[in-house]
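Only one chain is given next, in C-alpha cells, and it is the form predicted alone.
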Amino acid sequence: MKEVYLYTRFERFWHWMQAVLVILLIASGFEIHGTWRIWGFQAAHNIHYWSAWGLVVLFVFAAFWHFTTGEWRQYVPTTTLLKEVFSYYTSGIFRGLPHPFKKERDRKLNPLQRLAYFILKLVLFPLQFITGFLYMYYNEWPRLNIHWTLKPVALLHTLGGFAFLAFLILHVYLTTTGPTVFSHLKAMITGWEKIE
C-alpha cells in the first residue's frame, strides 16, 4: 500500500460545497412540498432559491476547472471492467473478494463511478437546472411565449430531486466500502488515500 495525493484542494472544496448545497436543496424541497416542517415555507423557499443559485455558480466553476486542468477525462465512461466492478458491488464485496479496479492518480474513478458521475453531470444536473428555472420563473412564461402547464415541469423536477436523494444515499453507503469504514471519507478530507 502507498499513500497517494488523489484529491486536490479544489476538488475537496467542490465536493463538500456541492454536498452541502444538494442536501439543503433536498431538505428545503421536502419542506416546500409539505413533507415536513423545519424552517417554515418562506424560509425553505429562500434556502432553496439561494442554494440553487449557489449550485449553478459552483457547477460553472467546477466545469471550468475540469476543462482547464484536463480532469474531465476522469469522467469519460468506459466499459473496461464495468461488469467486474458491478459484480463486485452486488456480490463480491459480501464475499470478501478484492476490488477489481485499482485506483491511480490519473484513474481515480472506477467504471461504475465514471458512468454514475457522467449521468449526474450531463443528465441530472441539467434536468434540475432547467426544470428549476422554469419552475422559478413560471410567471414569466407568457412573456416568453411558453404555453406549457406547470405539472410536468414540477413532476420532472421532483423526480430529479428523488434521483439526487437516491444518489446521495448510495454515495454515502459506498464511502464506507474502502479498506476501512472511513478511509474514503478521510481521503476526501485530506486528499490522501492509501492505494495498492
Ligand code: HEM
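Residue numbers run from 1 along the displayed sequence. These numbers come from a predicted model, not from an experiment.
From this point on, the text means the form predicted in complex with the ligand, which you will not see here.
Q: Does the ligand come within 4.5 Å of a heavy atom in each of 82, 107 and 114 in the model of the complex?
A: The answer is no: none of the three residues contacts the partner (heavy atom, 4.5 Å cut-off).
Q: Give a yes or no for residue 187: in the model of the complex, does one of its heavy atoms lie within 4.5 Å of a heavy atom belonging to the ligand?
A: Output for residue 187 is no: heavy atoms all beyond 4.5 Å of the ligand.
Q: Is residue 67 part of the interface with the ligand in the model of the complex - any heavy atom within 4.5 Å?
A: Residue-level check for residue 67: no, no contact with the ligand.
Q: Does residue 164 make contact with the ligand in the model of the complex, using a 4.5 Å heavy atom cut-off?
A: Flag for residue 164 set to yes.
Q: Are any of the heavy atoms in residue 61 no more than 4.5 Å from a heavy atom of the ligand in the model of the complex?
A: Flag for residue 61 set to no.
Q: Please name which of the stretches 86-94, 68-76, 99-107, 122-130 has residues with heavy atoms lying within 4.5 Å of the ligand in the model of the complex.
A: Stretch with heavy atoms near the partner: 122-130.
Q: Of the options 168, 136, 57, 146, which one has a non-hydrogen atom that comes within 4.5 Å of the ligand in the model of the complex?
A: Looking at the other structure, the residue within range turns out to be 136.
Q: Of 137-173, which residues get within 4.5 Å of the ligand in the model of the complex if you count heavy atoms?
A: 154, 157, 158, 161, 164 sit within 4.5 Å of the partner.
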